[in-house]
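One chain comes next, on its own, written out as structure tokens in the form predicted alone.
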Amino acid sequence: MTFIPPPDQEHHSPLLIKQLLIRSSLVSTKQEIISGSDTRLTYAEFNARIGRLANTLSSAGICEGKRVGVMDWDTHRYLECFFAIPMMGAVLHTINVRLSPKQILYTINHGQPDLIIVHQEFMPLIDEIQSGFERDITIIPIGDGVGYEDWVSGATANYDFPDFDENQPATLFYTTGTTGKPKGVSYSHRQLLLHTLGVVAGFGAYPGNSGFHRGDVYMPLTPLFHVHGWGFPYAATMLGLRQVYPGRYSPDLILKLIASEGVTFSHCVPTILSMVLDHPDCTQVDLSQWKVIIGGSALPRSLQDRAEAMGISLHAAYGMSETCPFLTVADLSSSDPEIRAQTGFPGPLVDLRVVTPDMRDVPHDAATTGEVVVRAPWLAQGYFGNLEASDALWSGGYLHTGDVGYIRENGSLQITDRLKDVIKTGGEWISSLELENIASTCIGIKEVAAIGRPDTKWGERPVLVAQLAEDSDPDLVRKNVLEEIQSHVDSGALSKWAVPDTIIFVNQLPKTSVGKLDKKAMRQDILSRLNTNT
């Protein structure tokens, strides 16, 4: 077949973030974006504000290739930055405000932003670390009714966002892993656009009111600094959804917004949902239309039971900072709690394997485990300024997740543990997630984690670290947990080596900056206590 050359007038459309606004700016002009309890914008106003922000940044010297940091709560301002900054050809650096001051300083010096937009609540932190900046950085203080509106109001709304190479960097953020210094992860316009389409296809292809669709009212409960709010703000804006941004996470405000704005779709880590369910006003709000995606950590059965009792449709999904993050999602149309809690099916364009250390596929028998490795067109190509870690991430031509799991005959994935968290005792591999799931169902357990304690005879022995529910008897809870685990051993579901020698009760389990259980901190703290007592 003869190749037909394109006409001289043809426009080649690079995959750029500005294209996500094309449809909603035409057909959703009157749809609303709500921020906190007192800010309401139409999509028409939102688009105008994007232009004003771009013109304001341009006047401040920001242009293609420059980097702009943002330190803010989840607000309309942050959403405007999601678009205006990369659409200019600059790079959006989402700074994790929950890191320690030393870590924040590291990410700023490593990421080298030219300007940082800082909510007034974080200005004391900037004042504390600014003397450590390794380059001149323009600081723009903003806040609710302070600074930001005055800063952008004088600019025109008309800005001609240019075309450029779709592989140009659009965003930069830093992982919050529990080992070593934070690692920089950058995504291009092409990757973010393809990820957005993957999210819409992967979460939207379900019947009725399941999944994520144009009839939903969207409210993120994952910080926007964390992997672009899991990519859903881009997807929600492309679809022209009614969006609700709660600012700083406050369970009473979250519940009020769910009730007043009719929120139907959110995503979060287990800690945030537990915080909402614990609030005394929770029982006064109808949550039966609320669909929630749990990611970042395994979905505990106890949390699932509490959510179901409130009528919440709760499902698990899986991904990581290095995967933008969407990889898998549970069957969103299922009402079966077991299926809802599964790690789920790979999304569109996701090539997912479970392999041995020499990269051989394990059988899809729902039993044989290995490391989960993946390919997809939106995965991070490596770590910013860290070639050695990048090479390890992509060893063998697939991105290594560091997670252990198996694949069922129907192609569904189940994560069983992190490679570094699997407990090897008595020659047997014990899943910390499985122990946690069993213990979490016991009355009196509010939250629980399983870690391995070094043992000279058995290699490691499992230890449970738990937070008690209010007014619980620790001796009774300990007895119930051990009996429940032993019952799984007796039924053949668990190895005899899985019964923990020790259960330690703490006031609160340590978390990372994005709400995940920080098992490194637990090992350092709990194991040092155990060693001191032995």
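Start at 1 with the first residue shown and count on from there. Predicted model, so just to flag it, every value in this text is computed and none were measured.
One more form of this protein, predicted in complex with a small molecule, exists but is not displayed; see below.
Judged against the small molecule in the predicted bound form with a 4.5 angstroms heavy atom cut-off, the residues L192, L197 and L239 are out of contact without exception. Just one of D216, E80, E322, D72 comes within 4.5 Å of the small molecule in the predicted bound form, counting any heavy atom, and that one is E322. Only one of the listed residues (T94, T343, S440, S431) places a non-hydrogen atom within 4.5 angstroms of the small molecule in the predicted bound form, and that residue is T343.
Remark: of stretches 203 to 211, 347 to 355, 249 to 257, 312 to 320, the one touching the small molecule in the predicted bound form is 312 to 320 (heavy atom within 4.5 Å). Not displayed here, the small molecule is approached by H226 to within 4.5 Å at the level of heavy atoms in the predicted bound form. Although the partner is absent here, R523 lies well away from the small molecule in the predicted bound form, with no heavy atom inside 4.5 Å. Contact annotation: K18 falls outside 4.5 Å of the small molecule in the predicted bound form, judged by heavy atom distances. In the predicted bound form, the small molecule sits within 4.5 Å of a heavy atom belonging to T401.
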